[in-house]
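A lone chain, given as structure tokens: the form predicted on its own.
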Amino acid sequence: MWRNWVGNQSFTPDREAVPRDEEEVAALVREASERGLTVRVAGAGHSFTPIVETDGLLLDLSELSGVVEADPRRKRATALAGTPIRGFYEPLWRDGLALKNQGDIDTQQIAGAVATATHGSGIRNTCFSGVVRGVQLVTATGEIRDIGESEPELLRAAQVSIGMLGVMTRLELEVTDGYRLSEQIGLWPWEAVLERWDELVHDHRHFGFFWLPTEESAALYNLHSDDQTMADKCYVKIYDEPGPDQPDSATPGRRTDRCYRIYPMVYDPNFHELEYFVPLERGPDALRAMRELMLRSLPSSVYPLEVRTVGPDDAYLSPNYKTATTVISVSGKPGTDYWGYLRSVDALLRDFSARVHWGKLHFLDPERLHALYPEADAFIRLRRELDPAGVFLNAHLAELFA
């Protein structure tokens, strides 16, 4: 039985395979397709939704791992699909390069992070999908196909495909020169954050925060502070690039170091997460409404409210398609019936034209899909062209994209 990292998704596939190269992936997909089996890829299991589930063939691409090329002149890096995000760090740094942005969890495989539009923070950069400049796909017939910038429509569909166009076996990413980050972490009053919203969003490379509804909230995400009271405070994280003469520092809350040593946080798998994206300019109003809802919903809403921003991109199914966004994340406690609370969050954020994170819990239906994602029809057309038999669909995805 396969289980995801937090244990809220599990299933038993007909067959599981761990291919060692693209040719073996192609052979496995071809055989499964001929047998009438569906095919899904597991990644690192960091999605909270049933996007991996299959009663057919489940592929584990962990053997297809590693950065195979880094080009400092073109600012490009090519990696195999199963490469964990942390697997980019040292290989890129040796060539004077770094990922342009990343989130605070770095154990996901890069293909899964791209396929679900996983992101970091800051409107100056996109999510992972927005820096994809080429992919290699194994299609439903077992063909190995390279998709690059010469096929912009297909590339924009492949950038956020949730695994529905084929099995991604390698990717080319736009990267950047290696850089350091200096952090500022502190507890702020709620209103202080909202009053300085525009400054915080626009004047820093990265800005995000956790709002803590109760004294117990911080410990759930391993957040610490010397402040005596944390309830109704914001645990603010600001990252900027330091000057060349500023030395590295290991001082907690004021560290300065290589970017990839600053980003990661440690989370316990003790939460089930919903994450919605609202247009950036509507963020403050949505956040004030969320705070009121969460205070009314205690103790169901005891987990911190996480807030970040992300820059716009062109991927058809990206939650940031053509718009910068405010990202709002809430969690339910495993072992409890949290669905009523999450549905209340969904109903509130629906009024703010909220798009969804494909790897997080959501309540999207076909009507909302087509209202919120202007290129949904284009994506579905291309999906049907590449996979007319629905080899790469499952019940969860077919409801929206068949």
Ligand SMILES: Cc1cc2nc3c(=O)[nH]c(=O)nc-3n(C[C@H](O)[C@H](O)[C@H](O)COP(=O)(O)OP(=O)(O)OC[C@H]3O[C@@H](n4cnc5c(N)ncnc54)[C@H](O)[C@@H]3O)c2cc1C
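Note that the coordinates shown come from a computational prediction; the quantities given were computed from them, not determined experimentally. Note that residue numbering begins at 1 and tracks the sequence as displayed.
Form predicted in complex with this ligand: not shown, discussed below.
Using a 4.5 angstroms limit between non-hydrogen atoms, D313 is distant from this ligand in the model of the complex. Within this chain, Y267 lines the site of this ligand in the model of the complex, having a heavy atom no more than 4.5 Å away. Put simply, G45 is close to this ligand in the model of the complex: some heavy atom of it is within 4.5 Å. Among residues of the shown chain, G122 is not one whose heavy atoms approach this ligand to within 4.5 Å in the model of the complex. Residue-level contacts in the model of the complex: of L349, V356, V29, L61, one residue has a heavy atom within 4.5 Å of this ligand, and it is L61.
Just one of H272, R308, K233, R156 comes within 4.5 Å of this ligand in the model of the complex, counting any heavy atom, and that one is R308.
Figure note: of the listed segments 328 to 336, 160 to 168, 297 to 305, 145 to 153, the one touching this ligand in the model of the complex, with heavy atoms no more than 4.5 Å away, is 160 to 168.
Contact here is defined as any heavy atom lying within 4.5 Å of this ligand in the model of the complex, and by that definition each of R40, A81 and A111 is a contact residue.
Although this ligand is not shown here, in the model of the complex the stretch 101 to 140 places heavy atoms of G103, D104, I105, Q108, Q109, A111, G112, A113, A115, T116, A117, T118, H119 within 4.5 Å of it, in sequence order.
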